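Take a look at this one chain, the form predicted on its own, written out in structure tokens.
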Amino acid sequence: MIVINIAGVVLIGLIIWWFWLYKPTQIAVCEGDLLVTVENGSYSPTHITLASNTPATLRFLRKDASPCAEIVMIPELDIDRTLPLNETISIDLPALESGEYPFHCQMQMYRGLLSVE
């Protein structure tokens, strides 16, 4: 009985870490055009740095068949796009002011961050 309880607590801890605490460290600098791959439960790269006041294009390629990977949202920019499986979808970003703009799937299980400097 104790082993089952310990296993349950460990599993709960892993779920909390994966969905709310884990912050991947893949960083890319975007100079106009960047490919973001959606696979294995995450965006790659997860942290994208953009130059301020410069338009950019993010191209999303969804390789993950999970329904959660089907939509990418950038709420601060009112962007909500459907990502077909194994097709590249371009999202043109306007010239942005400095700041951070999170992007994620509709359930916020896949998460990334645009940093504008």
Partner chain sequence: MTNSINEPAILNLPSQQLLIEGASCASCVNKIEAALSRVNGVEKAEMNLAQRTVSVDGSATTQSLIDAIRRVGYDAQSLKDKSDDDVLDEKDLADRAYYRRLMRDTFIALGLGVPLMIYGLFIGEMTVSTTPERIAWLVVGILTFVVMATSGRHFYIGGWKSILSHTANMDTLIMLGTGAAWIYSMVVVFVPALLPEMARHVYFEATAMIIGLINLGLALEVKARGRTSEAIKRLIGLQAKTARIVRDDKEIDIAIEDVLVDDLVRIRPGDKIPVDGIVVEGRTAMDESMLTGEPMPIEKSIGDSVATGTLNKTGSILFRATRVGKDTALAQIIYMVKHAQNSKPPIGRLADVIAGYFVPTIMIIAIVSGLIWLNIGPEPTIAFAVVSATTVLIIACPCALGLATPMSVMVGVGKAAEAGVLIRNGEALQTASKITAMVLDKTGTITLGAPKVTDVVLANAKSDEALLQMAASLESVSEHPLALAIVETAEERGVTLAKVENFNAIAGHGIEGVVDGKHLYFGNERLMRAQGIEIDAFLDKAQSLASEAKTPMFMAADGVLAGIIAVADPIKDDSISAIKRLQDNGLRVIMLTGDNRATAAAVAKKVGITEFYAEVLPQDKTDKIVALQMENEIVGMSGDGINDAPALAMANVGFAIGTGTDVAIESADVTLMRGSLHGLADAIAVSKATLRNVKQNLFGAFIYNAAGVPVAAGILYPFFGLLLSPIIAGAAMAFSSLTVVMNANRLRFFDAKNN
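Numbering follows the first chain given and starts at 1. Think of the rigid core as the biggest set of C-alphas that the two forms share within 1.5 Å after superposition. Because the structure is predicted, anything quoted here is derived from the model rather than measured.
Beyond the structure shown, there is the form predicted together with the partner chain, which is absent from this document and is the topic of what follows.
In the predicted complex, the partner chain stays beyond 4.5 Å of every heavy atom belonging to E31. The partner chain is not drawn, but in the predicted complex it has a heavy atom within 4.5 Å of Q108. Proximity of I71 to the partner chain in the predicted complex: non-hydrogen atoms within 4.5 Å are present. The partner chain in the predicted complex comes within 4.5 Å of a heavy atom belonging to P67. Proximity to the partner chain in the predicted complex, defined as a heavy atom within 4.5 Å, singles out one entry of T49, T46, T37, T54, which is T46.
Superposed on the core, the two forms differ at L11: its CA moves 2 Å or more between the shown form and the other one.
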